[in-house]
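Only one chain is shown below, in structure tokens, and it's the form predicted alone.
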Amino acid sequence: MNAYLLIILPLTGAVLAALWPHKDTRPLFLPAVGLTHTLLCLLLLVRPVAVDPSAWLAFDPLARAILPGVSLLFLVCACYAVGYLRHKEQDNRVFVPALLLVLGLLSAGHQARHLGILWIATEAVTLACVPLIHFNGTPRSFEATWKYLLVGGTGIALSLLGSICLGYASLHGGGSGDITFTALLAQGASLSRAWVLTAWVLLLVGYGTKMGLAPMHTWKPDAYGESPGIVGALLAGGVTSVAFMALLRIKSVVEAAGQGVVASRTLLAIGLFSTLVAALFLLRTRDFKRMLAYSSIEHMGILCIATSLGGPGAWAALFHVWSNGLTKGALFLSAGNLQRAAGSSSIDEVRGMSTIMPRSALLLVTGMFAITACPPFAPFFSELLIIRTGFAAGQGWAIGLFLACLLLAFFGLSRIVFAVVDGRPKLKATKRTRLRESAGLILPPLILLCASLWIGLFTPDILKDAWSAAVLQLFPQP
């Protein structure tokens, strides 16, 4: 019942928020529902419940390893949204329910143990994000929304075709066509090799599009660049995580079918390609919101590289899901503050933000060092673990290329961030009414950075146990 409650609670909140008549108090539904959802997730993290193997939805070890982090990110963003929406002229009757709808659908996606349910939840999340991306109502946000829909819709269509192929792999191998992950894992070696590989390619491209892996990343810079900071934070730390979780579940089926080597090699190739593409774009982009999109592409590639390294790599990947989500959330919120104050996100128009918005500028610089794996923040420890695992697995050449991409990404990120915060403020920014750096705008990104610092330095044993249980679920063989 707790698994369903994690879905029902946000969906009910979305309906109530849509019916609520008062614009000023409607955003309060976000932290209220977010706090309840996070407390329930943490309760299930500390006291995991037994899972029925035949259940289509359950808070199983993999959901336990990722969903609490997504819920925590949503809670902090929800608290930020209250202050953010207070100063927005647009009506939030659609925005607030859409955010709660996204939380409920993410909960369903992370707990889906049936390939069809997983696809439905992912498709629904895609549609629910549309009004969020278009919230600012500008021509560029309209263009970004359509690009998100077209590219994301293509990916979802391919993942549906891949799901059908995986079901046919079961039928062709003498099974019943049951596409619950429990049944597919049990059938294992009897699955048709040709259909499993076909399904893997389609599902990798389909869910890889939702993650924003290169070359399926073209929607990301526009969507992240034109949407509000809170939306970018949830897209980067929440929506992409459900697509990554889908790939983890599907890879375990491919492993059980005896095609794990092929899956690992393709993940390694697409992961390295994504980190390289992101690093090159970071060296040339002049927009600090798009900078965060390319950074997200890089970190999705890092997750694929880690997953290609087997069980220990998957453990490191789960660690990185948390470290990237929390840190990237802080970056998006602080960058959103700077954009609102300056009226632009282009470094050609924005300078000297350390004078205009000193606290947000400091948070952006700190977040930049954190996301580029500078100690002692969590990304340093998760990426260091991935590097050590890669060398132990004999992938020294791949880790060497990976390190080179990380160095290029650091140069690109630092170039943009210091261009924004240093120098003399542009005339356009100084003429704008200064955005007051209230506690509601500063504390949420600060809390996320502190959480990243805490998880890096003092990783709780309960999280380590959750990640270990998830890896054991995915790869039960020694």
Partner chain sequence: MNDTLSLLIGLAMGLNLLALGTSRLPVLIRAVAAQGVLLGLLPLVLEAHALDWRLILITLATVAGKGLLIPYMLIRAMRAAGIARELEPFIGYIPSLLLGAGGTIAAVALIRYLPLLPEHAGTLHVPGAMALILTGFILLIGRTKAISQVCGYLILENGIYLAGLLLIRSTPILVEFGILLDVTVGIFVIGIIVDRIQRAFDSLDTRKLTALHE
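Note that the coordinates shown come from a computational prediction; the quantities given were computed from them, not determined experimentally. Numbering follows the first chain given and starts at 1.
Another form exists, predicted together with the partner chain; not displayed. Remarks below refer to it.
Undergrad: Scan 340, 147, 351, 113 and let me know which has any heavy atom within 4.5 Å of the partner chain in the model of the complex.
TA: Only one listed residue qualifies here, and that residue is 147.
Undergrad: By the heavy atom within 4.5 Å rule, which residue out of 369, 195, 244, 84 makes contact with the partner chain in the model of the complex?
TA: Of the listed residues, the single hit is 195.
Undergrad: Select, from the options 400-408, 229-237, 68-76, 135-143, the stretch whose residues sit within 4.5 angstroms of the partner chain in the model of the complex by heavy atom distance.
TA: Residues of 135-143 come within 4.5 Å of the partner.
Undergrad: Contact with the partner chain in the model of the complex for residue 255, defined as at least one heavy atom pair within 4.5 Å: yes or no?
TA: Contact check for residue 255: no, nothing within 4.5 Å of the partner chain in the model of the complex.
Undergrad: Does any heavy atom of residue 93 come within 4.5 Å of a heavy atom of the partner chain in the model of the complex?
TA: Contact with the partner chain, no.
Undergrad: Taking the partner chain as it sits in the model of the complex, is residue 355 near enough to touch it, meaning that at least one heavy atom pair lies within 4.5 angstroms?
TA: Answer no; every heavy atom of residue 355 is more than 4.5 Å from the partner chain in the model of the complex.
Undergrad: With a cut-off of 4.5 Å between heavy atoms, is residue 164 one of the residues that contacts the partner chain in the model of the complex?
TA: Residue-level check for residue 164: yes, a contact with the partner chain.
Undergrad: Has each of 119, 168 and 285 got a heavy atom lying within 4.5 angstroms of the partner chain in the model of the complex?
TA: Contact check passed for all of 119, 168 and 285.
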